[in-house]
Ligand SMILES: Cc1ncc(C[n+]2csc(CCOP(=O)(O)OP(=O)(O)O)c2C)c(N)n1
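What follows is a single chain, given as structure tokens, in the form predicted alone.
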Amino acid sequence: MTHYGCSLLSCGVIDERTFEMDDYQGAVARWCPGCGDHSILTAVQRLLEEEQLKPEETVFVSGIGCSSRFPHYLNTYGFHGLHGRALPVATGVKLERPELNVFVVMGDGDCCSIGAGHWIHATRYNVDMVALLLDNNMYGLTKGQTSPTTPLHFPSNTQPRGTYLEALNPVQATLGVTNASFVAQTAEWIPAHLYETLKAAYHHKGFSFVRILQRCPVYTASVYDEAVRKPDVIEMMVHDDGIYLPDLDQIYKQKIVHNPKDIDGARRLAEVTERVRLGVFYRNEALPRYEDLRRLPAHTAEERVRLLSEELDRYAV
């Protein structure tokens, strides 16, 4: 697939293209066999095909980590940035180019540790983009160090006798941020639920935060083992305004009806229990979005290049 300097419609040409999943295939993924990232990549490609997102109008931004290889494996625009800095880069892209479809892919160390400040403020800004937290509970790319979401007493290369602190709860933390507008949780080993969650996040107008429970076969193979082997550990949150997949009822029998408009209920359900809750915790499209409050002037491509050059010239030595 060729990347175009402008969309065919903006160039005065009727765009009659249709896209298949293969059109979004970038480089061959190099994750370990059995890594949950493979399932997530497939679900994302399926979403791109279903929504017929133009590759030249779609951007994936990532930081550093196993999950941050994502932009390399998709035939869209991508920005593989610095550790913890994916969200401010993506925010800048969306504010300057609001017509683009912007996705952010982060790991638990990337988002919840070095990027925690950006995570809080991106939630507060509520810019219209999808943020995926691929949570395998460990720093995987740097070979098995404790991350903020590593379970209590779980051994790692940096804490071989086990972690000292309770794990940070990304869903609970996001729900506590002012102006949080979409918070959901899903699991990569349940492809149907994963896809429907991604679809709901994409269609939400605002900052969509999705925590994806993701298995790492090398460093945290046992963390989600019980949830995978025992479906009763999973509790599906269902509602007409949330996610409900009747085809999964025979496997996942534990369900709770939750209205995603209920922020207090969402916060209660986000508390850690013996069950893993999946679904949409909260959704509110009435909250202000930063790009609407800070309306930037529209610029042509030539003007953008000129303004960028002028800004860079200020720092020339």
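On a predicted model such as this, the values are computed, not experimentally measured, just so you know. Throughout, we count residues from 1 along the sequence that is shown.
Below, we refer to the form predicted together with the ligand, which is not included among the displayed structures.
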Partner-proximal stretch of 254-262, 62-70, 271-279, 284-292 relative to the ligand in the predicted complex, 4.5 angstroms, heavy atom: 62-70
Single option in 233, 114, 95, 245 placed near the ligand in the predicted complex, where near means a heavy atom within 4.5 Å: 114
Interface residue in the predicted complex among 228, 168, 141, 192, criterion: non-hydrogen atom within 4.5 angstroms of the ligand: 141
Contact at 17, 56 and 76 by the ligand in the predicted complex, all three, heavy atom at most 4.5 Å: no
The ligand contact in the predicted complex: residue 239, any heavy atom under 4.5 Å: no
The ligand contact in the predicted complex: residue 80, any heavy atom under 4.5 Å: no
Contact flag, residue 108 vs the ligand in the predicted complex, heavy atom cut 4.5 Å: yes
Sequence-ordered list of residues in 183-207 near the ligand in the predicted complex, where near means a heavy atom within 4.5 Å: none
